[in-house]
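First comes one chain, alone, set out as structure tokens in the form predicted alone.
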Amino acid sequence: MYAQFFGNFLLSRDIITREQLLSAMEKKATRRIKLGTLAMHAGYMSANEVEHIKILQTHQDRKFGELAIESGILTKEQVDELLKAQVPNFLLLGEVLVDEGIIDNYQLETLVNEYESESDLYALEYDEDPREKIETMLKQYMQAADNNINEYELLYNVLLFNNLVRFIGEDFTPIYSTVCTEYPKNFCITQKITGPFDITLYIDMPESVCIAFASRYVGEDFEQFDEYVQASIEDFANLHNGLYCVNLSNTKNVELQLMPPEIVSDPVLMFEHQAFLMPIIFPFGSVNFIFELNDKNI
């Protein structure tokens, strides 16, 4: 999941635009990470050394690893280790940006170091995605948007991110959430959770994005916006909110009631309580999640 936060990290620093991020995310899905990028991340090579080997490759039809070993920069054991390693998926996103000429290897080296430092990722096993680390990163992400959420809201958002990865795909980037007082909708469904606190979820997107979202969710290629597409989006909301209610009952002994999902007919959403808009960018378009919160003084 770390690539999602890395994309937001780059956007928030104006390193890339939304359009550049979308393009890179789309290309990332068909790419394998290069040995030089792995070596930089492992601390075995500097950006200067990677560039040196790339220059050598313009004169010799040789593999990167072979030239790095021959140049005395890497050992054979290090090359073998890198080729077998589990790697953080955000590195591939950065590599695509380098290949597109949006950033260079020197910038990538600096940005990765800054990102890992801010996110406290140094000792992390990247192939595990531990829940505690994701919660910490998501909390930092929400606080950066001046949204100080309580533990129940945090658990709700952690579950949402995990469900997007599980059921839609990991190729997304969240944009910092903003306070929302009203919202002109596209196609929008809503579902409410009630109990000691209330959460009302709205999922809104254009019809073309609905088709792609639903196709991924059910594993079937929908060609037009119809009742099956609409029902699929309602089902995703119901699945997510249902899991949340079960989780809180099992882990926090908090009992919640789940209302049926509904299609919103009003052209503009108006919110009675504090609401936050969080756009999620996929290669096929943006999906807008809105959370209306009533914590009832919890």
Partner chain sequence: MKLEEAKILISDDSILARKQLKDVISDYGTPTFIETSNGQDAIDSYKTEKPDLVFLDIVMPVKDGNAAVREIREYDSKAEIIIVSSVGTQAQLRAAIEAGAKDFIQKPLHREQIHNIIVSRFEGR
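Given the structure is predicted, the values throughout are model-derived calculations rather than measurements. Residue numbers count along the first chain shown, from 1.
Keep in mind that the form predicted in complex with its partner chain is not shown, yet the notes after this line are about it.
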Does any part of G65 reach within 4.5 Å of its partner chain in the predicted bound form? Heavy atoms only, please. no
Applying a 4.5 Å heavy atom distance criterion, does C245 contact its partner chain in the predicted bound form? yes
Is Y228 close to its partner chain in the predicted bound form, meaning a heavy atom pair under 4.5 Å apart or at it? yes
Is the gap between L258 and its partner chain in the predicted bound form 4.5 Å or less for some heavy atom pair? yes
Which residue, F167, Y115, F197, F187, has a heavy atom that falls within 4.5 Å of its partner chain in the predicted bound form? F167
The one option of C180, I103, L159, V218 with any heavy atom within 4.5 Å of its partner chain in the predicted bound form is V218
Only one of 54-62, 247-255, 36-44, 265-273 sits within 4.5 Å of its partner chain in the predicted bound form by heavy atom distance, namely 247-255
